[in-house]
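Read the single chain below, which is given as structure tokens and is the form predicted alone.
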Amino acid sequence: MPTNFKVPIFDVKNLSYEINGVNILSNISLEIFNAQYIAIIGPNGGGKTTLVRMLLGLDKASSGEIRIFGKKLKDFKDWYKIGYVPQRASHVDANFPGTVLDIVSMGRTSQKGFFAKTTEEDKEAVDSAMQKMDIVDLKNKMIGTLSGGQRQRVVCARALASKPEVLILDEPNTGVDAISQNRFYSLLKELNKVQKITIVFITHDVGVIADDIARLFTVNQKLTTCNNPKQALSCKEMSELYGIDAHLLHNHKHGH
């Protein structure tokens, strides 16, 4: 059952991160609730990926607090509730000896471990994840033979195999052609609207922000929240964020 929508999935307060005396993120506060479609944007080096890694417990904050599903980060154990697609996850060695089915099945190990026996529930979860990403017809194909767009959907299905309540995608469209991107956006929209999965989409490219994204976090050392992405950001604000002339594509239709 979905988590109570009144309790934030992620509740971040006064988060800062520095390394070797350099401030990467400063005083970040945000909330992400169940069934929201969130985009996190900002320039390269602005701290987007660092923020995500801290949310996942991969990097430790210099100060501040993170709660996940109401629990302090150090006490949170139900990581299967969070599906994660890291940067360049679809860049697979062409000689990797695994089928699509093998790769997606790996998504069940977050709950069971590598050596646990495969159950009917596991098979159903893997099949459901492949159906959601429209890759059932590819299940016996070797992962290294697929196109970039197909591999993108495979790694997303792997993340979905644990039946997460949240799906975090860190610049998943790197190296993927525009047609595949459009198809991928449609699948993400369905996951959010039909399956009620919270989507957190990280990108440095303003042009890929879809019309169906309801909330926007802009990150460049500090964070700004926009509850109306189509209207709240002026070109002046975007230029300040990126340090260059920039434009928000108000009528963007998932194309370039």
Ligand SMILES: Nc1ncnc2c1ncn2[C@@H]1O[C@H](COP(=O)(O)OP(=O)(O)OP(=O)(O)O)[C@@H](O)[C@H]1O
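Counting begins at 1, following the sequence as shown. Note that this is a predicted model, so its numbers are computed, not measured.
A second form of this protein, the form predicted in complex with this ligand, is not displayed here; the remarks below concern that form.
**Q** Out of 192-200, 65-73, 29-37, 42-50, where are the residues with a heavy atom within 4.5 Å of this ligand in the model of the complex?
**A** Of the options given, it is 42-50.
**Q** Within 4.5 Å of this ligand in the model of the complex, do Ile19, Ile24 and Glu171 each have at least one heavy atom?
**A** Every residue of the candidate spot has a heavy atom within 4.5 Å of this ligand in the model of the complex.
**Q** So which of Thr99, Ser180, Ser186, Gln87 reaches within 4.5 angstroms of this ligand in the model of the complex, heavy atom to heavy atom?
**A** Answer to the contact question: Gln87.
**Q** Determine whether any heavy atom of His204 comes within 4.5 Å of a heavy atom of this ligand in the model of the complex, and answer yes or no.
**A** The answer is yes: His204 has a heavy atom within 4.5 Å of this ligand.
**Q** Only counting heavy atoms and a 4.5 Å limit, does any residue of 118-151 reach this ligand in the model of the complex, and if so which ones?
**A** Going through 118-151 in order - heavy atoms within 4.5 Å of this ligand in the model of the complex - there are no hits.
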